[in-house]
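This document opens with one chain alone, in structure tokens, the form predicted on its own.
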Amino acid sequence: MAADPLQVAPVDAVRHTATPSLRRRFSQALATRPILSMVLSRLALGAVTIILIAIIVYVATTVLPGDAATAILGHSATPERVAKLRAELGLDKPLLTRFWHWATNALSLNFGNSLGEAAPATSVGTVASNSVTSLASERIENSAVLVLVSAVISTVLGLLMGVYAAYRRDGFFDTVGSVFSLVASALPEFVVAIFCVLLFSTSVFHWFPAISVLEPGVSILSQPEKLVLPVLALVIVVTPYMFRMTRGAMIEALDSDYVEFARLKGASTARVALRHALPNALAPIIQVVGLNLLFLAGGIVLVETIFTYPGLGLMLVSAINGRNVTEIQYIVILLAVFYVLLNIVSDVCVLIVTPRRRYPR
């Protein structure tokens, strides 16, 4: 006897509509939470980006012409020593096997041992770990100090100068500041760094050391005078861009109808600029701050090399010159993760200061 369709239909309907309704509720929940939706999508795209970068970096450091074992031992090494080191480094295994082993270890923050730099001795005379992560930890701290100090100074200077230039548009300060910002932004970092050395260290004044060499285990914060010239070089390069973008965003906000209405109501100059114009210009300013941080993360390579500053940039240059593939892989992946996370943070901040993009219509 055939089954009654009135009894079967509701079960099939529930079975076929349960998944779409769950997906619909999830999509509706994300639509009402744009920050969460944006963070999840950015994290997914960031994970894909980091995976692609990891593949490219690993292939580039292992397949390009040259051999890491020969670069470490030198061309005078015997073939037996080269073959033994290749076996120790796993270079005699297939590429996919090596990449899978490296990727699984990298997920647990194990990027292998350094191939060139010896581990420093501790205070009790023992030898510390020769892993890349332990050797780079001190360099990360020094580079973080350099980037953060440069970012704070350039952001404050660019913000104040941009707000004042926008409010005094076409005045003397605005004209002179615009000209100097164009000239400074056109100069590469190494030119500015060399100019700072000539002016403040060697030729004109002798105020600060020309190089920032530190002994192993010494923090840059214990010798702040060696931080001045690298920070000054980065600030001169980054501040003009912050100044110009802040000025443009403030001019657009000051020309808006709500600012004109605030002026007609008798609001003071400071209240118009800080209370009405600046909050509505924060979104592009935050994006510029994020871009400046990304630029600083890449600009430290040249600046640290010129000043011999013991940071990640100098470590990367030394690793490239010495074909130290484990250090190259670690630093590039670390910078890629920093880029992805910083982009997510800057986008979240833009959503927070922009209510019309944060709330559904």
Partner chain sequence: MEAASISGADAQLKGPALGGRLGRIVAQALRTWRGKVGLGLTLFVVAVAFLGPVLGGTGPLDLKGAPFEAPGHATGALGGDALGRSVLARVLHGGWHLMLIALAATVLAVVVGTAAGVVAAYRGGRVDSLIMRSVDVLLGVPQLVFVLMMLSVIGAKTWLVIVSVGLTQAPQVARVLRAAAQDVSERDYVKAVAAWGVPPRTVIRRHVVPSLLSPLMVESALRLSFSIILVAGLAFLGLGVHPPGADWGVMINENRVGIAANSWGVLAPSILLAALAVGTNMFSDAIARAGLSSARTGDPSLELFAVSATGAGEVVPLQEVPE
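Positions refer to the first chain, counted from 1. No experiment lies behind these values; they were computed from the predicted model shown.
Just so it is clear, the following notes concern the form predicted together with its partner chain, a form of the same protein that is not shown.
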Full three-residue contact with its partner chain in the predicted bound form, heavy atom 4.5 Å, for Val191, Gly248 and Glu252: yes
Contact test in the predicted bound form: Ile320 vs its partner chain, heavy atoms, 4.5 Å: yes
is_contact(Phe111, its partner chain) in the predicted bound form, heavy atom dist at most 4.5 Å: no
Met38 within 4.5 Å of its partner chain in the predicted bound form, heavy atoms: no
Lys226, heavy atom within 4.5 angstroms of its partner chain in the predicted bound form: no
Partner-proximal stretch of 256 to 264, 131 to 139, 180 to 188, 212 to 220 relative to its partner chain in the predicted bound form, 4.5 angstroms, heavy atom: 180 to 188
Contact set, 311 to 339 vs its partner chain in the predicted bound form - heavy atom within 4.5 angstroms: Leu316, Val317, Ile320, Asn321, Arg323, Ile328, Val332, Leu335, Ala336, Tyr339
